[in-house]
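A single chain, nothing else alongside it, follows as structure tokens in the form predicted on its own.
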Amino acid sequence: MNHLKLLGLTSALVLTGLTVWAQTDDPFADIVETRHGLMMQMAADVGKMGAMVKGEVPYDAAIAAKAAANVAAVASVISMDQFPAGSEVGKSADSFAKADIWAAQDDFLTKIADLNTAAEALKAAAGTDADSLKAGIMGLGKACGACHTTYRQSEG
């Protein structure tokens, strides 16, 4: 093995070790990363459908149906499990969750239920036609926005 490969491998192992060590300081690092991953997956699928709605790409019923099914599946696992108390912004690295989630947990759970309802409506509509997809996307956007406006701190 040449010296550059050895140096690269050693650097990667050290950085990996530092990352694992740094995460142990924040007991919620993994769960915050998980919820970011869930939201990013939904955003990726919504992006595919949004491009169709905007006319940036042709409407494709199969792609829209699959993306909507993905959104509904991800929405179905969102619960308080991904939002344990103490994982809010300012207490957990990379968190944008406001402490209001736990102060108004019943409302937060209602918003999760609304997200699931909108995601299921989108799933039912997405493979039908472009107009139905657009209506479904609008409903999902309202559900996402209602929660994020109240319970998510802006990144900016």
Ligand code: HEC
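Note that residue numbering begins at 1 and tracks the sequence as displayed. Note that this is a predicted model, so its numbers are computed, not measured.
The form predicted together with the named molecule exists for this protein as well; it is not shown, and the discussion that follows is about that form.
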query	finding
The named molecule in the predicted complex reached by all of A97, F108 and C144, non-hydrogen atom within 4.5 Å	yes
Proximity of A43 to the named molecule in the predicted complex, heavy atoms at 4.5 Å	yes
Residue contact check: L140 to the named molecule in the predicted complex, 4.5 Å heavy atom	yes
Close approach of H36 to the named molecule in the predicted complex, 4.5 Å, heavy atom	yes
I112: touches the named molecule in the predicted complex, heavy atom cutoff 4.5 angstroms	yes
Listed residue (A125, I63, I101, A69) with a non-hydrogen atom within 4.5 angstroms of the named molecule in the predicted complex	I101
